[in-house]
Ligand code: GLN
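What follows is a single chain, given as structure tokens, in the form predicted alone.
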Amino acid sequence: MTDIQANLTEASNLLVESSDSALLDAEVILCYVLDKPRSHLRAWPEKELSNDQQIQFLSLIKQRQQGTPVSYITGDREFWSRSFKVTSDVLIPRPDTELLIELSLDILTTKTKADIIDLGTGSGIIAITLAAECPDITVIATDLSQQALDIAKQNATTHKTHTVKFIKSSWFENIPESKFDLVVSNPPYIDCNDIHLSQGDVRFEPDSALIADENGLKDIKDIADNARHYLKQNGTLLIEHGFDQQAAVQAIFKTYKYSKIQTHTDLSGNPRVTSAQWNVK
């Protein structure tokens, strides 16, 4: 048996060529194996691992060496200070998407009640977070993938957001006639020829949640087109998009006669979410 510190040193050395955060990755994976917080690693660096723990740890480190995302190895990812179950059937939640939550909450604070739809919910992070933060709202979450919906339902149970209604649907296709105060989505927006698809974690994430036709804009066009028929007067559309798609997304919104079009920047200062209002003429 070897101690925690020795295992972390060995693992981070193994990962240094395949990860930009070798030590952090090793710590997160070891915490998963030990079922302990990271503070435990610092408090007990001399504590020895059992043979089974060490075998499991090195096996998972090998997966990480081969590129498997840490979140798929541990099966969870934090988003908006909550832990969400993730598998290779769903995208890995990213901090940039918290901008959608911030903007949504800004809108919802002005309403006592609201009806929301989250299109392409994946693991359910948007719908569940909004339902948890605003218990009085009504939330529908859609996804074309039944596997993704199953994960989202498990996350809803974990976070006790039992009011979220999940519907298998390609965007609005299976949504009954309804009107929403807010339509929110983080749709596929990556072009199939984008070099980033062969790099990092996205190599392991589902293509259906990443790639869109028409230079990554087709799904955004479809959502913007159809959302007009589902938004209440002065309702808001919020769509996450690529850092270089600001002008294209704004042009799409203008084509469909939205008003108050505005693009918002993420934590890195990149254009990340475009919002607009729908006003019935």
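Because the structure is a prediction, the values reported are computed rather than measured. In this text, residue numbers run from 1 along the sequence as written.
Absent from the display: the form predicted in complex with this ligand. The rest refers to it.
Shown alone, this chain has one stretch from 71-79, 189-197, 164-172, 109-117 that lies within 4.5 Å of this ligand in the model of the complex by heavy atoms: 189-197. Contact with this ligand in the model of the complex holds for none of Lys221, Ala224 and Ala276, as no heavy atom of theirs lies within 4.5 Å. Contact with this ligand in the model of the complex, defined as a heavy atom within 4.5 Å, holds for exactly one of Lys179, Arg94, Lys160, Arg203, namely Arg94. Interface residue among Ile151, Ala209, Leu99, Cys134, judged by heavy atoms within 4.5 Å of this ligand in the model of the complex: Ala209. Applying a 4.5 Å heavy atom cutoff to this ligand in the model of the complex picks out Glu240 as the lone residue from 231-263.
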